[in-house]
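What follows is a pair of forms of the same protein chain, given separately as structure tokens and numbered structure 1 and structure 2.
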Structure 1
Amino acid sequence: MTYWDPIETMPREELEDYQLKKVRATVRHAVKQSPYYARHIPKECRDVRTMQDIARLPVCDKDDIRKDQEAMPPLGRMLCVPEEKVVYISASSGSTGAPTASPFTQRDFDEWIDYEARLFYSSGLRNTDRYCHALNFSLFVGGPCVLGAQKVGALSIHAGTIPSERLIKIIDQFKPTVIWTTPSYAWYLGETAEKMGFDPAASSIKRLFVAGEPGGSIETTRRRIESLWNASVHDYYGISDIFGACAGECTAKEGLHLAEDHMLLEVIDPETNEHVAEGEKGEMYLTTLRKEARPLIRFRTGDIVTYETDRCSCGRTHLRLTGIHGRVDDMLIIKGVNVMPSAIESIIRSNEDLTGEYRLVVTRENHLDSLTVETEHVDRFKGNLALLEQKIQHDIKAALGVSARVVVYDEDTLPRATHKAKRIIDKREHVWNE
């Protein structure tokens, strides 16, 4: 079996016809069943006849979901089914505000898990593999994704988020061939293993699925993790408001295939609110196509992406996210220059004299923003520290056009992440009131 589902290779014209029909059905379902959408979507915008008509629909974002659920707890007025039909909820981390719940009917849940199986299969997971799920199970939407591996038939280890030393012992004892975690934690886990005298490159791990941060799509980060583990890294993208991983890399690794039979993608310029062309950066908007419990229509994800629609060499026709560059709210503007943390990460992790850990500190002095890049040198580094800092400064200036102060510490000075890494410390106060 080459593909999990025939829909993965559906010709694009047919796929777009399918999406348009599903958008129409989603809008009808939403305005009929949800008091929120009945009020939110004007009557003149509800007749979606062409793909161009979708742009007339109003957008929503995480804050809209949060306010809706606060007004009518716990699931809000966006809910389109009786609560008796909701069999599962996940919740966001709350990193951008109060956590929000994402409800699923039984059909929603079953289709989600089938998609996870499809994604795993496209990345090379088979029933001969042993799969270790090292993601949080506590309300986290990534937790149940392990059921997709079980649907493929892989022996599945529900590890969860446990102390690194214990996870390494699990890897040593049960010898999984595949593990899923965040890029930062994959790096940290490998370093911890080495300190314990366990060589990650000689372990049973052959594939690492990573998600939750842009790192898996940053070539220098990917190469460093692959070298550390002597394993292939496959980047995944998930969003708690819809379902677990909804895009991921196949074995060809030419970008992350999006679940286009479950959601419609738009990529929008955050400044002009116009659609951008393939290959250009913009904010990802998603419209769910099959969700019963709580459809989302033109949902602003806050993620900056690029995409392509050409058929992948694997034969799949669903579009590919060719870059997940960070979040709109992570973008720094330093002296008029837009700076994405992922761009600095690429520079830091291409330098073999550095551990790869870094942190960005933003301050404001005399009404001007200033950026400090903190990183670490490897223990074996014996060169001139000042020259190393100057080189990094030069590389940042050459690549991004912005001047930054660089501080290089000893190895293990900066904190390590066991889930999503916090890379930005913003010390500015009252920036928008000055």
Structure 2
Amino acid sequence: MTYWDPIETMPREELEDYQLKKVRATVRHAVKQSPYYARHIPKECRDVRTMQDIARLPVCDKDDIRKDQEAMPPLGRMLCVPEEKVVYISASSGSTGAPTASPFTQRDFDEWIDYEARLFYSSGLRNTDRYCHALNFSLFVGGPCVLGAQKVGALSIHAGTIPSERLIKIIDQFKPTVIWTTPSYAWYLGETAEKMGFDPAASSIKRLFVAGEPGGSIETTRRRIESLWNASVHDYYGISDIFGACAGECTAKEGLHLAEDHMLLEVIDPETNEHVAEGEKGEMYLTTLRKEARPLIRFRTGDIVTYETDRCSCGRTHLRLTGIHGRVDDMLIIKGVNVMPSAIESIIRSNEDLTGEYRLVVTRENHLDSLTVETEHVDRFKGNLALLEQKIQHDIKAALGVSARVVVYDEDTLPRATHKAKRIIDKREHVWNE
């Protein structure tokens, strides 16, 4: 067996017919079942006959999902099935710190697992492999994709996020051939192993699947990880609103294949709102094609990408993301967790001991991202500074799940902005593939 699913090599023309049919069905399902879509999609746009008609459909974004779920908690009016049919939610944190939920029916969930198996298989995973899942299983990352590895037949080790020394011991004992983690952690783990006297290059690991950060497609980062582990790095891209992993690198490594039977891609110039040509940068819009519980129609991902549609040397016809170049918005990704500066702002600004001024400094130490939040106490504050710092740190951790270093200065220490505040100082190198 060369491919997991015959659809992977479907000629593009057929694939586009398939997509068009699925977009039509999705729009019909959405406006029929969901009060949100019934209102959101004008009657005159509902009859999608050509690919050009798709561009007439209204877009939606994370903020629309959030407002919808706040208005009708917890799953919102975008939901297209009775809640009894929902068996799973993945969730992501966002600009207010409140997670938004992405609901799945059992069919959606099974399709996700099958799709995950397809991606893993394309990256070389086989039933003779041992797969170690070293990503967080909690709400905010979407661990159940490990079931995709089990579907391939690989022996799966649900490690989760555990102390590095323990993970190294598990690698030593169970000898996984494949590990899934973030690129920065893969790097850090390799160096930790070396310090423990365990040679990662001589270990059982032959492939690393990396996700959650752009590092896997950044040549220098990738090469460092590959040489450290003497193993092949395969980059993955996910978006919790759709699937834990939406695209991944096959063994030919000519970009990240996106399953075009599950998602329709559009790449749009954020200035002109026009489609950009292949190879050019633009914002990625995705339309789900098979989602039952909560289809997304022209969902603005906020990610700036480039893509190519010519056949990959692996034989697969589905398009490849050839670069993920950054974010349209200010979102930071810290250790694989999405952090909107506005979420931190709302914590700072709800604390009466603080002036409301703040600055976020992101650095990379030992290949791990580190976030420092600098802020100021008001003049009248006479309390214990260390306790205040601890409280803010705790509030950030509780709301966002991210450990930040917090430094509280005297009032008027931080620079005031004259025009647009420069609140983010990102000292990391090569965070985005530019």
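Structure 1 provides the reference sequence; residues are numbered from 1 along it. If you superpose the two forms and keep the largest set of C-alpha atoms that fall within 1.5 Å, you have the rigid core. What you see is a predicted model; the values in this text were computed from it and never measured.
- Matching each structure to its source, the form predicted together with another copy of the chain turns out to be structure 2.
- Relative to the larger rigid part, the smaller one has turned by 156° between structures 1 and 2, according to C-alpha superposition.
- For residue 380, the displacement of the CA atom between structures 1 and 2, after superposition on the rigid core, amounts to 48.2 Å.
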